[in-house]
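First comes one chain, alone, set out as C-alpha cells in the form predicted alone.
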Amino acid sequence: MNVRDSEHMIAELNREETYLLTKDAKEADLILINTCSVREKPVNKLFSEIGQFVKHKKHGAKIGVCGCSASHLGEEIFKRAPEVNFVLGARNVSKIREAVLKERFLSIDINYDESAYAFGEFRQNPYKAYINISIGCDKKCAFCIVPHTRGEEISVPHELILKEAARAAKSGAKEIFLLGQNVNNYGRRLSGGKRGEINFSQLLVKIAEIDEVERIRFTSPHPLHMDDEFLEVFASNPKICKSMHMPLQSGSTAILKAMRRGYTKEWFLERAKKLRAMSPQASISTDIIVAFPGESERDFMDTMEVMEEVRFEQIFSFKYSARPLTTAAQMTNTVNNKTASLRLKTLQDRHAGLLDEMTPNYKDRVFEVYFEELRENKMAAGRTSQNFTVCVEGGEELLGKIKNVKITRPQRLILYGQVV
C-alpha cells in the first residue's frame, strides 16, 4: 500500500512539473518519507532518518513526511523536527501538489475521501500494477493502529478499478495486484455510505475478463470473509495466482477474542483445510503476533499447532508491539520480553524446519514464472503463481515474459532453475 501511495504522489507531482527519482539525497529538491506505523520500530526510525536527510540535503530542498505515522503524529512531527516542510496523512495523498507549494503544510484528516479521485499514472515496476480497491479499515483489532491512521473503510467504485486495470494491462503490466486492508470485504461501503454493486469475488471475475490481464494477485483478505464463493473463484479462475495470504495473528481462540479478530482457531483451520482441498497447488502465507497481552504458554502452543497443521509456505512473525490509540495498549497483563523473544525464536525456528521439509519437494518441478527484475551475476528473477521467487541465468530478454522454469536448486527463500 505504501508503494502504491508513493506512486500516486509521484504521479501527482508530475502533472505540472517533471520530477526525476534519485537515490542520492544530496541531489534531491524534494525528499519524501512515506511512513508505516503498524509497529513501533519504523516510527522510531523516522526521526533519525529526518536528521540524516537534514544533514545531507542541498540548500532549499524540502522534506515531506507522509503516510500512517504522519496521520497519527501530525503536528508533533513539526515540533520534533522543525526542518520538515509538510506532513501529509495516509488519506491525503492527492494533496501533494498543494503541500509542496507551501512553506508549512499539514493535512492529516483520516476521514478525507480519495476513493473516487483519479490519480495520475506512474508505476515503478512496468510489469506489475498495484491498484487500490479500498481505503481504510472498519475492523477494530485490539492491536492495530490502522483504523486511526487510514480511517473508515471505503471501497473504490468498480468501474474505476476496471478502467485502471485495463489501462495498466494494455501498457504492459500483465499482473494486476489488488490492495486493501480487507480486500475480500470489498463493496461493503462506497462514498456517501452507499453499498457497492458487486462483491470481491465478482470483482475478481470481471478483472479476469480483461484480455491483456494474465495474472491477478491481492492482499490482504480477512479470514472472516473467506466464504465458499470466494474460495471457489480463487481456486477455479486460472488468472488468479494461487497464493493466499491468511493473517492468523494467533492460533488461540481466547487470544483471537482478546484481539477482536472475529473468528476462532477452528474457523481458521476449517477455511485453510478447505482451501488446500479446493486448490492443492496453492501456497498459504500468514501473519503471526506472539506474546500478545495475556498469552499463556498454552495459547502459544495453539499457534504452533496451527502452523504445524496448515504448514504455511511463508510467515511474517513479530513480537507484540503496543501501539498508541489501540485498546491493547491499555492492557496490563503483558508478557515479559524474554518470554516473548523465546516464543518468537521457537516459532521462527520451527517454521524454518518446515521449510526445510517442504523445499526439497520443488526440485525438478516446472513452474510458470513471470520475470520482472534483474539481479546480480546476470540473473533474472520472477515469481511463480504461488509467489515463490525464482532466479535463472538471463537478462532483459526475459523481463515481462512468463516462462516455464525447471527448478534445479531449491532454497528456503529462492528457487534457482533454468528456462525450459
Ligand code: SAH
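Since this is a predicted model, take the numbers as computed values, not measurements. From 1 onward, residues are counted along the sequence shown.
Below: the form predicted together with S-adenosyl-L-homocysteine, not depicted.
Enquirer: Pick from 378 to 386, 362 to 370, 36 to 44, 66 to 74: which stretch has a heavy atom within 4.5 Å of S-adenosyl-L-homocysteine in the predicted complex?
Expert: Going through the listed ranges, the match is 36 to 44.
Enquirer: Is F177 one of the residues lying within 4.5 Å of S-adenosyl-L-homocysteine in the predicted complex, judged by heavy atom distances?
Expert: Outside the cut-off, so no.
Enquirer: Just to confirm, K239 within 4.5 Å of S-adenosyl-L-homocysteine in the predicted complex by heavy atoms?
Expert: Answer no; every heavy atom of K239 is more than 4.5 Å from S-adenosyl-L-homocysteine in the predicted complex.
Enquirer: Given that S-adenosyl-L-homocysteine is not shown alongside this chain, does Y320 nevertheless sit within 4.5 Å of it in the predicted complex, heavy atom to heavy atom?
Expert: Y320 belongs to the contact set for S-adenosyl-L-homocysteine.
Enquirer: Look up in the predicted complex whether F143 has a non-hydrogen atom within 4.5 angstroms of S-adenosyl-L-homocysteine, and give yes or no.
Expert: Contact check for F143: yes, within 4.5 Å of S-adenosyl-L-homocysteine in the predicted complex.
Enquirer: Just one of N199, S285, Q181, N92 has a heavy atom within 4.5 angstroms of S-adenosyl-L-homocysteine in the predicted complex, so which one?
Expert: Spelling it out, the residue with a heavy atom inside the cut-off is Q181.
Enquirer: State the residue from Q249, S243, N85, S115 whose non-hydrogen atoms include one within 4.5 Å of S-adenosyl-L-homocysteine in the predicted complex.
Expert: Exactly one residue meets the criterion: Q249.
Enquirer: Judged by heavy atom distances of 4.5 Å or less, which residues of 198 to 220 approach S-adenosyl-L-homocysteine in the predicted complex?
Expert: Just S220.
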